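This document opens with one chain alone, in structure tokens, the form predicted alone.
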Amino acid sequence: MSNYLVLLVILPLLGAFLMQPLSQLLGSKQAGRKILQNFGRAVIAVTLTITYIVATEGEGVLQLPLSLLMGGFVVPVGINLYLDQFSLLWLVAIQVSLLILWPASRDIRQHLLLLVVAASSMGMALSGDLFNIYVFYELLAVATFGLVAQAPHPAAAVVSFRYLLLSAFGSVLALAGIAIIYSQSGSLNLAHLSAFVVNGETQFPLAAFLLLLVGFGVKAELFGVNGWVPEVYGVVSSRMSALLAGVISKIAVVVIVRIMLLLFPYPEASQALLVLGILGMVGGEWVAWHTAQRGGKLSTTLAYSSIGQLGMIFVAFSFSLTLGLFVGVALALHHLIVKSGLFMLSSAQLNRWQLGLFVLFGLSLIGVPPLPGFWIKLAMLQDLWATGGGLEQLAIALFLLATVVEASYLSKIISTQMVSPQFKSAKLGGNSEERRNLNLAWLYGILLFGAIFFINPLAETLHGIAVQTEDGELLRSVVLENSIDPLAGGEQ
């Protein structure tokens, strides 16, 4: 069954390749266009089914972790795909989000690019070696450039070019970090490199981690390389903003966390992540407040708010203990649901009912009980307090301050909506696309509200994922079993 893992990457790429020939074959008739619009969603539905079959071996019970060494090669040579509960979680998040957010556009290029996004993001989540992580990262970057460039906005071309330059800069830094690691080890396989670290054979320099952190951090909205966020979210559609903020940014975070846990289990690496997370949290929330006070666009305020939320996620993941992983994953999933719902609401003027939904998302984002955001933020504060360091105590103070700032600008947005004419008349205009977005916002609202009644089982599930993710020995045993180390000249 593990051989089917490769289909999660191949099928979306094949679907993207077939999109243009199918377009020419079906022509411009409405029936043909309808088939093409649903073709990409059908491909994702197939990959989601394959994900279930692979993860459960068709028996309905998780059979993880799994490792696939392609082409008959052995570690550290060749392509390695690794599936554990951590990567499975994000595979499902990617595919379900794409099914929900798939656009109704007639532009075939958008559907094609989204299939490439699906293939590359799933490839990043599954890759067990640095080289293929980098390849899929570049493929994801190209696809997202295309999605930004084809947006129906006069500034799309300029914004996509700036985004291209910043991402290219990040790619160069990430490649430099990978080169440093390879020069010291002769390997790029994460499990193989982790064995070097655990056995004390080598200790990779912090500079390599910083290069990888900043390089991949471009997509993760990391402080210092997140200047593209407000511009891009301001020109793309609400669905694309939800996809970029809710899913794509999390995949980059997943890669960074995996690299830190396996290759850089040092306090200095965690502290670097903590410092950049704090700066992103404070900076993002402050600018979001300033934008809301000036009456800026809701999408721009949400973009800066997303930067602040990603900063909180980095702060949580800076603790390599199980509790830190648990809080980081919980924050990331909460952000995926809440921020996606808020971006869906940002596409139209709200009436009383939609504003009530906005308030629900805002209250959970602030951390008002009994909404899920409260329990997650409480766990994060407990984690910071238990660590007890001076930097962690500063993080607590700034975390609470950022929450107050967050509550302030969300209140400003709500009060602004309440005085609008459409709110007073309780009517909602707009086109069919806006109405579809609002329906999706209700779906995210139902998911958020439903989570209130499943807090304990959800927490137990996420805790189990955190425990397995922290277990580097499990990964090494699964990937390196019966593999030959050419440097040692024998079996490991």
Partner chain sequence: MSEFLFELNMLDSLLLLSAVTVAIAILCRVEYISGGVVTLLYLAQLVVVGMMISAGGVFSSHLTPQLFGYELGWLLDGLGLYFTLITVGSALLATLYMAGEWGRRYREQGKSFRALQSLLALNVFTMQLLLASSDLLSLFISWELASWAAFALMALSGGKGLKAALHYMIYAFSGAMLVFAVVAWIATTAVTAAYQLDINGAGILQFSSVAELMQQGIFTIPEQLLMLTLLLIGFGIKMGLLPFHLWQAPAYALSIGPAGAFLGAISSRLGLFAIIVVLFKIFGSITDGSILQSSFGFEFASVTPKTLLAWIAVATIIFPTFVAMRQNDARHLLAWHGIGQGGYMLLGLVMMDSLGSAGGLLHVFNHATYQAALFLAVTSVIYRTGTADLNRLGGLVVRMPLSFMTLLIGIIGLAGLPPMNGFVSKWLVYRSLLDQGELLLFVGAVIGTLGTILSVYKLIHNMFLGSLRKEHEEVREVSWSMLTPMLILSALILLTGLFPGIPLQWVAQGLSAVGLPVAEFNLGGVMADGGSLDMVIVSMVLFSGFGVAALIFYFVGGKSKRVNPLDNYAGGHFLYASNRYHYSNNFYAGLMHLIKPWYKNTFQRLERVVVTLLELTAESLSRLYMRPHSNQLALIIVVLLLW
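The shown structure was predicted, so the numbers you read here are calculated from the model rather than taken from an experiment. Positions refer to the first chain, counted from 1.
As for the form predicted in complex with its partner chain, it is not shown, yet the points below apply to it.
K.L.:
Give a yes or no for residue 459: in the predicted complex, does one of its heavy atoms lie within 4.5 Å of a heavy atom belonging to its partner chain?
P.N.:
Close contact exists here: in the predicted complex, residue 459 approaches its partner chain to within 4.5 Å, heavy atoms only.
K.L.:
Against its partner chain in the predicted complex, would residue 415 count as a contact residue? Criterion: heavy atoms within 4.5 Å.
P.N.:
Yes, residue 415 is a contact residue.
K.L.:
Should residue 150 be counted as a contact of its partner chain in the predicted complex, where contact means heavy atoms within 4.5 Å?
P.N.:
No - in the predicted complex, heavy atoms of residue 150 and its partner chain never come within 4.5 Å of each other.
K.L.:
Please determine whether residue 26 contacts its partner chain in the predicted complex, using a 4.5 Å cut-off between heavy atoms.
P.N.:
Residue 26: no contact with its partner chain in the predicted complex.
K.L.:
Looking at 85 to 93, 249 to 257, 187 to 195, 383 to 391, which stretch has residues with any non-hydrogen atom within 4.5 Å of its partner chain in the predicted complex?
P.N.:
Stretch 383 to 391 is the one.
K.L.:
Within 4.5 Å of its partner chain in the predicted complex, heavy atoms considered, which of 378, 99, 179, 135?
P.N.:
Selected option: 378.
K.L.:
Scan 139, 108, 210, 331 and let me know which has any heavy atom within 4.5 Å of its partner chain in the predicted complex.
P.N.:
Residue within 4.5 Å of the partner: 210.
K.L.:
When its partner chain is placed as it is in the predicted complex, are 145, 356 and 434 each within 4.5 Å of it, taking any non-hydrogen atom of the residue?
P.N.:
Negative, none of the three is within 4.5 Å.
K.L.:
Are there residues in 201 to 229 with a heavy atom within 4.5 Å of its partner chain in the predicted complex, and which are they, in order?
P.N.:
Counting only heavy atoms within 4.5 Å of its partner chain in the predicted complex, the contacting residues of 201 to 229 are 206, 210, 211, 214, 223, 224, 225, 226, 227, 228.
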